[in-house]
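First comes one chain, alone, set out as structure tokens in the form predicted alone.
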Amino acid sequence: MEVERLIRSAEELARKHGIGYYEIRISRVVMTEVSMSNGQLRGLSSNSETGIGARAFNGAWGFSSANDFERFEKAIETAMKIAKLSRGESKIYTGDPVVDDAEMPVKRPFSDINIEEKVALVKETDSMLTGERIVNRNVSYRDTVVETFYFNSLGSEIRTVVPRIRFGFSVTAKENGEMQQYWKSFGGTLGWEMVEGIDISHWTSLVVEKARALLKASSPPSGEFQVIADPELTGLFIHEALGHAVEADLVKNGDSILAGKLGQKIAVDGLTVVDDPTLPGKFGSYIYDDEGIRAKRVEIIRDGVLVNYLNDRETAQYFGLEPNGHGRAQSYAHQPLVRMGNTYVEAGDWSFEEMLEEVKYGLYMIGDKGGQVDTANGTFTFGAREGYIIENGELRKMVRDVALSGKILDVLKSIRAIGKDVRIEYPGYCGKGQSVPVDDGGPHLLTKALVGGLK
């Protein structure tokens, strides 16, 4: 077999170039994409690709990739030559070899669904997004199946198959020169059964009505308020503000406010934050990371105490920790970096109604509208897709273009109530030089933060 020949070739090249550790990923990607804007098909493709990513370590990494099988062996040798020339002082965790063959199960494989049915889904959804004051609409569908064979110099040989699907749509409403957008996305490590489980009529109607309602919403007040974040905004906060700050490469490089705080109390009692790539069906799930380390549930904060960083082979060795399977790459053509999977806040014991009763004047903020975080100085600003004024425990008027800002550690210590309604269903792609699929969420949270307008 060609793979067996590559394994033998890598062993011989490592001896030739004096390389102590190497790891090779060979991936076959099968992907279909369909997109439509305002009734016009904008993208329709169905592709497959096979490539190799080779890394060698000699105190520093050497990396090379290729998508031409004739150049696979050359890519391995190039990675080893780069590592030999680099000759750094770093060390990595090695551990024991792993041999495994694992697939994520699906009920209806994408290969069973013809391209016409996928296009019909997008067209039908597009037709449901029309109506008064709707001036722009977009629908996108994407499915992938990635089969990867990983081997390294320790003797690990791991084959995995991971399916992934994402489907979403958005509209823009316009009136009197004012425009507002609303959108909804679905995704998971699932098959076509995910699409079959979506009530498309309900969600398209909701998206259209929300965009129209935002046209008539007011601007938010400014200042420090009690704020209830919905599960999606909780997920955005915990991914962006906390999750990136516990990525051990940022900690190692001095770009995190959480450097040196392992074992310290950084949040309120009762707050537990987890990253768990093993959650069945979630968009950020995987079986092994791209360094051949088995994915595992990692508690980041336990009852208010910072107990772990997310790490890879290099940062695990640097901090003297066990690697926890968070070395991820965008594709075979990219080197692994420390990345999140599914990041969320665990449940507390408050109901949403009990939280509302605690607020005399504040805001209820819903959904993710993006934002910025500075992990080095610990500040953030996030937008919510919609908001509501809370007065004496009741939801009042709708507000739009509302932003939440503050200092990460201040907000973590200001949490007054943690809901029991955990939801982890907000698929997206996290950018950190590379793009990888992630999910996040949690329950409703009641805290205190600065609120203002996005405009």
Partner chain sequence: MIDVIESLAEILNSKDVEWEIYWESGRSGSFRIERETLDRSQRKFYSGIGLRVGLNGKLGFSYITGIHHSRSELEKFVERTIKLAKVSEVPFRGFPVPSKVPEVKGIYDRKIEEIPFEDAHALALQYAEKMRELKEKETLSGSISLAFERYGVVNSNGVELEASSTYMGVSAYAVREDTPGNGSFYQSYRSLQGIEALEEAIMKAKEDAELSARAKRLEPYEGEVVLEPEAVLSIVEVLLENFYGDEVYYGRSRFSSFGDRVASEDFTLLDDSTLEGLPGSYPFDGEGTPGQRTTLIENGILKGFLLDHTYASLLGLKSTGNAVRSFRTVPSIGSSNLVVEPGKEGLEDFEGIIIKNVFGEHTANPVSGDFSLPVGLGYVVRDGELVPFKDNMLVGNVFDLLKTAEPGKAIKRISSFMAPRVKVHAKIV
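Predicted, not measured: the structure shown is a model, and the values here were computed from it. Numbering follows the first chain given and starts at 1.
Just so you know, the form predicted together with the partner chain exists too; it's not on screen, but the next bit is about it.
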>> Within 4.5 Å, heavy atoms only, one stretch in 275 to 283, 154 to 162, 68 to 76, 226 to 234 touches the partner chain in the predicted bound form. Which?
In response: 68 to 76
>> Is residue 216 part of the interface with the partner chain in the predicted bound form - any heavy atom within 4.5 Å?
In response: no
> So, in the predicted bound form, is residue 386 in contact with the partner chain at a 4.5 angstroms heavy atom limit?
Replying inline: no
>> Is residue 254 near the partner chain? Define near as a heavy atom within 4.5 Å, in the predicted bound form.
In response: yes
> Wondering, does residue 260 line up within 4.5 Å of the partner chain in the predicted bound form on heavy atoms?
Replying inline: no
>> Heavy atom within 4.5 Å of the partner chain in the predicted bound form: which residues of 55 to 87 meet that condition, in order?
In response: 55, 60, 61, 62, 63, 64, 65, 66, 67, 68, 70, 71, 78, 82, 85, 86
